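Below you will find one chain, with nothing else, as structure tokens; this is the form predicted on its own, and questions on how it binds or moves follow later.
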């Protein structure tokens, strides 16, 4: 890809970061593979990295590659006909992206933070699925979870108030990051990204965070760290 695309290294992913030292090893689709299978999986991959703001692929481009995210965060988005952007999700280490049932990608993917991925040619990855049925089952299970998440997102945008949306979002990020009550939730995305994901304005996001802080539901540490001292209170705000 061009200067805004990912930097590709023509070596297997294991050559730079051995699989046994990969931070996403237990979270990624390859977690179900034994050592011999993992070697074949790694041999089919090349490594890729992106800097914040770089695009991995655009909506409508040929879906010729698939990716396993090993470090960082990526946002998925679609552009609406009127030019507005709707962010549909944030992916973290262990997530898989680029699986398309048609010929083209149905969303765009952009790095939020510095990102590292394992990159697979579509044909090569499909061969791996044929050879390793348990890998295919794992991937299908992830696809089912993504569908459930999309349905939750529809409910979030269609029925919940601004406070409920933001509270639900914070709880979901805390769960994805496996944060306990005394551990900070890292909001690596911008306020603009959060607004585009929740269907709100930036001003509403900032105002709602301030309100939650005043009532003691959260504690803010700068712009990117949020502590949730009373998770039950935040669940109540979220309507859960």
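Since the model is a prediction, treat every value here as computed from it, not as a measurement. Positions refer to the first chain, counted from 1.
Omitted here: the form predicted together with the DNA. The next part is about that form.
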Notebook entry, point to check: Can you pick the one in 139, 100, 92, 162 that has a heavy atom within 4.5 Å of the DNA in the model of the complex?
Noted result: 162
Checklist line | Contacting member of 33, 185, 171, 200, with respect to the DNA in the model of the complex [4.5 Å, heavy atom] | finding: 200
Notebook entry, point to check: If you check in the model of the complex, is residue 210 within 4.5 Å of the DNA, heavy atoms only?
Noted result: yes
Notebook entry, point to check: Heavy atom to heavy atom, is residue 49 within 4.5 Å of the DNA in the model of the complex?
Noted result: no
Check: Is residue 55 close enough to the DNA in the model of the complex to count, meaning some heavy atom within 4.5 Å?
Finding: no
Check: Any of the heavy atoms of residue 176 lying within 4.5 Å of the DNA in the model of the complex?
Finding: no
Margin query: Please tell me whether the candidate spot formed by 191, 206 and 223 is one where all three residues come within 4.5 Å of the DNA in the model of the complex (heavy atoms).
Written below: yes
Margin query: Among the candidate stretches 66 to 74, 176 to 184, 38 to 46, 192 to 200, which one is within 4.5 Å of the DNA in the model of the complex when only heavy atoms are counted?
Written below: 192 to 200
